[in-house]
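This document opens with one chain alone, in structure tokens, the form predicted on its own.
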Amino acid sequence: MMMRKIQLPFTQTQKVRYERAIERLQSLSSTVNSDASVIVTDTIPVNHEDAFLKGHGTSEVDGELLATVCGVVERVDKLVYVRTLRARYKPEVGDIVVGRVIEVAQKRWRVELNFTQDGVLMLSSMNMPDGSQRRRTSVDELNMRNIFVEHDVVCAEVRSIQHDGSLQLHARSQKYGKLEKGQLLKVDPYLVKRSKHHFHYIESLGIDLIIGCNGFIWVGEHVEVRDPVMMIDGQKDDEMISSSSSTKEQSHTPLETRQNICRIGNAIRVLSNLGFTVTVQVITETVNLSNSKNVDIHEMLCSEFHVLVAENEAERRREKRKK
């Protein structure tokens, strides 16, 4: 983890507390990996008696292995490379991504993904609203705007990476699709680590959290995913009609839910400002910290709460290391 120098109006006491917390975090990181963070021309310690492979961001000069970029040293078997921290999103097939529709084109949507190129979601790669599996017709193409329009926030999966670097997306599951009643947040992609689970339901707050591998994070009201098997089996008549009508009636989001969305959103903003890895556990701990300290939602973005989060993270890592 690399801590940032943030520009906040610290008081002298807050500045001392913050710097002390950062020093503790850096000392804990250095005990784990003495060459974790490097800048350009820094020497990377390696054992020259053992064979090693020079990877990205490294160069051998006068018998020393030097870093050619700023980042974190990574070692995989004999391979030594530097993972840059300010790089844009680097996609992989199977990544869960969150994006915003910027164009409705012929049989496809173009989606902004915080990448060098926009993603492409084909109509044929989109799960139909009724859950049916069939060929797409000209009528479906005419009704594309009934599914997504410009500025809609969507969730999808990276299907393939083309030779020109463009991304092909697909959304063939009920868990993918349009996202409503929430906030779209953006963090640096390196703060998001790939994991088995990027969809989270914070049951205590009634909030859905989707942490996209591309650095876009969705925080929204919980939505029950309808089972497409039930819909295909014909059990949708009275039950689905009644549920859809009740959904239309309850078009508003309760105040408590909106407050929870804003609180989680501000927690993510604070973690991003501090340069901490964004995971559901750290986000939940930050939200709980704000509640335990009786910090209002708007006060979470102030200097004092940034200091509290840094101190809490240092203490959490120290306790974790003891175990």
Partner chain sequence: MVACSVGEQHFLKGGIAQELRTDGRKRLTYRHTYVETGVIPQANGSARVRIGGTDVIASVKAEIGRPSSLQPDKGKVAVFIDCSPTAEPTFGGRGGEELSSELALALQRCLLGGKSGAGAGINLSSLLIKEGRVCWDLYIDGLVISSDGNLLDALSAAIKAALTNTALPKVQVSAEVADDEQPEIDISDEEYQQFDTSSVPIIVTLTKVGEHYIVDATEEEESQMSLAVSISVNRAGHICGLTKRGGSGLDQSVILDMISVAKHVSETLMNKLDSKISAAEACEDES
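Just so we're clear, the structure is a prediction, and the values are computed from it rather than from any experiment. Residue numbers count along the first chain shown, from 1.
Heads up, the form predicted together with the partner chain isn't pictured, but that's what we're talking about next.
Asks: Go through Gln174, Gln117, Gln183, Gln168 and name the one with a heavy atom inside 4.5 Å of the partner chain in the predicted bound form.
Replies: Checking each option against the partner chain in the predicted bound form, the one that comes within 4.5 Å is Gln183.
Asks: Check each of Gln259, Gln26, Asn288, Thr277 and return the one that places a heavy atom within 4.5 angstroms of the partner chain in the predicted bound form.
Replies: That would be Gln259.
Asks: Might His151 be said to contact the partner chain in the predicted bound form, defining contact as any heavy atom within 4.5 Å?
Replies: His151: yes, in contact with the partner chain in the predicted bound form.
Asks: Can any non-hydrogen atom of Arg100 be found within 4.5 angstroms of the partner chain in the predicted bound form?
Replies: Yes.
Asks: Using a 4.5 angstroms cut-off on non-hydrogen atoms, would Glu311 count as touching the partner chain in the predicted bound form?
Replies: No - in the predicted bound form, heavy atoms of Glu311 and the partner chain never come within 4.5 Å of each other.
Asks: Can you check whether Pro45 is within 4.5 Å of the partner chain in the predicted bound form, heavy atom basis?
Replies: Pro45: no, not in contact with the partner chain in the predicted bound form.
Asks: Which of these stretches, 37 to 45, 52 to 60, 280 to 288, 265 to 273, has heavy atoms within 4.5 Å of the partner chain in the predicted bound form?
Replies: Every other range fails; the passing one is 265 to 273.
Asks: Under the 4.5 Å heavy atom criterion, name the residues of 267 to 306 that approach the partner chain in the predicted bound form, in sequence order.
Replies: Heavy-atom contacts to the partner chain in the predicted bound form: Arg269, Ile297, His298, Glu299, Leu301, Cys302.
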